[in-house]
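Before any questions on binding or motion, here is one chain by itself as C-alpha cells, the form predicted alone.
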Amino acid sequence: MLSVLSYGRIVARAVLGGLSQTDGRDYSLITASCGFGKDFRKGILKKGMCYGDDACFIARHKSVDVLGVADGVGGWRDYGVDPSQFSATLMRTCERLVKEGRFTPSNPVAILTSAYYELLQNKVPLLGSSTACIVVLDRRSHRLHTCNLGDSGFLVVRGGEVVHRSDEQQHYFNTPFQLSIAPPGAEGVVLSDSPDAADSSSFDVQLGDIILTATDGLFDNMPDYMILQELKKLKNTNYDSIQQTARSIAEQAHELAYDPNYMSPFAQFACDNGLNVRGGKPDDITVLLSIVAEYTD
C-alpha cells in the first residue's frame, strides 16, 4: 500500500537534475511513502504510518516541512513486547510537536529529544528501542536540517549523484545506536543512547533535489547505484511519478531481501566483519521519497 502526503498548493517548476536557487522563492517538499513489513509479501500500511516495526511521519508547521522514520528493534518481541509500539509512538510524538510548533527548524535533534523524554515520562511504561532519522526543510532559507541516530538515514541526490548522506551509527556489527526504555532495574543492561548522540547536519538544497529517507531495510538491501538507477525513472515532479518511483524502490528492496544468492550490502558488511553471510536481509522497509519544489500559497 502506498500513501502520498502533500501540503498546500505546490507548484513544481523545477526540472529534475537541479536548478540554481532564486532568492525570494519558498521551497517545499512533495513526498510519497511506501513500505513493507517483513512478514508480508504485499505492502501493508498500519494505522499511524507504520510498516511492520518501522514508523514514519510527514508534517508541516508554517514555513517548515518535517519528516522522519524510525525502526523498532525487533529483539523486544522475544520478551513479549511489540517493537512497533515504541517506534510508532516516537514518530507520532514528533509529528505532534511539529504541528504544535514546539520546535526550532535548525535543531531537529531537539525534536527527537523532546519526543523521547515525553515517552520516558509516560505514566504507563512504554518499553522498547528504536533508531530514528528526522529531516527538516526551512522553506524560506532553502536549508535542510537533519539528525540521524542509528542505521536509518537519508540521501540527497542532485544531477544523478549523491551530494549529501547521513552517517550510519553502529556500536558494533548489526547493533545500531538506538533510543531505549528498559524495564525497571534493567536500565544498565539494555543498550540505550542519548538523543544528543545523533549525527546532525545542515546544508542548502536546490529546486529538483531528490531526498530519500528510509530505514535500514532499504539500505541493507540496495546499494547506492541501484537506488540511483531507480531514481533516474523519476522524470518530473508530479505526484504519480513520485508514487511510482517510491513503490519501485521499496518493491525492489523487498524482493532482494528474500534472494538467498544476492550479495547484499548487509551481507558484504557481515563478511567484512568475519562472518560468512550471503543473501538479502529480510526486514521491514520504509521509504519516504521527496522532491524539492517551488511552493506557492
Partner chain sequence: MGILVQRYTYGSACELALCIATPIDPLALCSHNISPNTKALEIAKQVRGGAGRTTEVEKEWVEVGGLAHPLFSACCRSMFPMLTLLSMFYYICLRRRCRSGSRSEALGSRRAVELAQRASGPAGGGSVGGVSSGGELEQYAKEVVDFSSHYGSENSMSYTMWNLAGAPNVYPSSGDFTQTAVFRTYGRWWERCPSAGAPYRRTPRSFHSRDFLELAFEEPVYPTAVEVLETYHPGAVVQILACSLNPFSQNPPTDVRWEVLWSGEPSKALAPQSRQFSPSIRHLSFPTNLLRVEVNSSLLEYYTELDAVILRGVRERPMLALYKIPLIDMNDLSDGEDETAIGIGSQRHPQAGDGKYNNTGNGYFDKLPYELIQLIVSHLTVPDLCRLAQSCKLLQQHCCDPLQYLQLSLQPYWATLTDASLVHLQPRCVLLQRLNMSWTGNRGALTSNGFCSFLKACGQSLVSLELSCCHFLTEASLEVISQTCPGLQELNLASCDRLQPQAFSHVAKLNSLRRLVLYRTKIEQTALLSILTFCTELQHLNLGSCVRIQDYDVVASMLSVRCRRLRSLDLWRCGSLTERGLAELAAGCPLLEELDLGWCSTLQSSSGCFQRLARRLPRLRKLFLTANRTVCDADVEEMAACCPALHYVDILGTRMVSPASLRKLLQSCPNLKLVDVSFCSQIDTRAVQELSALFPNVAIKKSFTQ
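Since this is a predicted model, take the numbers as computed values, not measurements. Positions refer to the first chain, counted from 1.
Just so it is clear, the following notes concern the form predicted in complex with its partner chain, a form of the same protein that is not shown.
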Heavy atom within 4.5 Å of its partner chain in the predicted bound form - the one residue of 138, 168, 193, 118 that qualifies: 118
Contact residue in the predicted bound form, chosen from 77, 164, 102, 143 - any heavy atom within 4.5 Å of its partner chain: 102
Interface segment, criterion being heavy atoms within 4.5 Å of its partner chain in the predicted bound form, picked from 198-206, 92-100, 221-229, 130-138: 92-100
Heavy atom of residue 175 within 4.5 Å of its partner chain in the predicted bound form: no
Partner proximity in the predicted bound form: residue 188 to its partner chain, non-hydrogen atom cutoff 4.5 Å: no
4.5 angstroms heavy atom contact with its partner chain in the predicted bound form for residue 159: no
